[in-house]
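Below, in structure tokens: the form predicted on its own, a single chain.
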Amino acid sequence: MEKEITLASPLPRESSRSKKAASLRTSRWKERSLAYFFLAPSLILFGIFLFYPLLKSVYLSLYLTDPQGRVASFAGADNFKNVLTSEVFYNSLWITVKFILLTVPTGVAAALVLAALSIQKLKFTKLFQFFFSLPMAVSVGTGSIIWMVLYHPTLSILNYGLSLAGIPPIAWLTDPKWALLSIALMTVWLNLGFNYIVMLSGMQSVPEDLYESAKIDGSGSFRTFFRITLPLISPSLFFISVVSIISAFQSFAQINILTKGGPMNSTDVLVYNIYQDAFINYRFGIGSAQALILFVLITLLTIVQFKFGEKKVHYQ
């Protein structure tokens, strides 16, 4: 009887362990169900406005379509061949590269300088911080209308200021030499609020002890900025650089409102060229192929940035 009792004694332990395991699985299932429940609205929106258009673009890039957007015939890789052998595509790509070179370094440098100036404990600092971050509250359409008035041939405040200095007026949006630069200037101002806020938050996160130690060691303002501040805000600089390049690749609204790709295609960036092919010329297959090529270019460039640029980032 004693042997039977000893053999039967582990059974309650095993049953308790199985009950604990079952309850643990149930709690994990409830947590996952709750997580998917809260993620469901975002997943539905991403599926409708991101994943479905992406799959639809892949599908349309393999076909020729009629003016109504209906599939006419299978084209295979012909749409991609036509895009990659088109001078218009490479011209738009080159204009996009020039636009990026005009906007990204200037926007990052301007935000860096303004953040460095406004972080000082001076009078009216909070007021300056408010004005510097104000462009973030302006939409692309509103900002484009504001700068359209500033660039107006006869009502332009900029040309009025140039006339006071004895400089002849500039055809900001109608001269091919100035059109892309004018769009770039407007884009830098439009993105300044976001870049400034990110840069200012990065500078405010630098410990004050480091600055006090630098002062004790006799370090000047410029030396402290380049030896302490810049390395410690390198994550913010890297983030702004990546986001700014992606945003510059996708710029469309300000170009559509101000110049519509002109004059003489001087502002015909890649996204606007896609818009013309797909929604003006009704070549949805060509437009989808260009959109996928743009997607690949942005992805590769972002990977290169993370591969090489992140090595110089100093995380605290």
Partner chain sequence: MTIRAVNQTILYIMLSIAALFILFPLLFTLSSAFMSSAESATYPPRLLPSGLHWDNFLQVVDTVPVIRFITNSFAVSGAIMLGQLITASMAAYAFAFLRFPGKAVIFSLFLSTMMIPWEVTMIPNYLTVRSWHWIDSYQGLIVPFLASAFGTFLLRQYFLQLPKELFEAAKVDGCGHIRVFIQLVLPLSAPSLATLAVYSFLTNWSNYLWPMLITNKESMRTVQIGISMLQFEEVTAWNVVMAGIVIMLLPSLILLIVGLKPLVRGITAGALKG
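Bear in mind that the values here come from a model prediction, so they are computed numbers and not experimental data. Positions refer to the first chain, counted from 1.
Below: the form predicted in complex with its partner chain, not depicted.
The candidate site formed by Ser42, Pro53 and Ile146 is fully in contact with its partner chain in the predicted complex, as each residue has a non-hydrogen atom within 4.5 angstroms of it.
Across the options 155-163, 86-94, 100-108, 223-231, residues that bring heavy atoms within 4.5 Å of its partner chain in the predicted complex belong to 155-163.
The partner is absent here; in the predicted complex, the one residue of Ser219, Thr174, Gln129, Ser241 having a heavy atom within 4.5 Å of its partner chain is Gln129. Checked against its partner chain in the predicted complex, the candidates Leu181, Ile245, Leu210, Leu150 yield a single residue with a heavy atom inside 4.5 Å, and that residue is Leu150. Interface residue remark: Leu134 is counted as part of the site for its partner chain in the predicted complex, having a heavy atom within 4.5 Å.
When contacts are judged by a 4.5 Å heavy atom cut-off, Gly76 does not count as touching its partner chain in the predicted complex. Contact between Ala253 and its partner chain in the predicted complex is found at the 4.5 Å heavy atom cutoff. Shown alone here, Met264 lies farther than 4.5 Å from its partner chain in the predicted complex, counting heavy atoms only. Counting a residue when any of its non-hydrogen atoms is within 4.5 Å of its partner chain in the predicted complex, the hits in 272-303 run Ile274, Tyr275, Ala278, Phe279, Phe284, Gly287, Ser288, Ala291, Leu292, Leu294, Phe295, Ile298, Thr299, Thr302.
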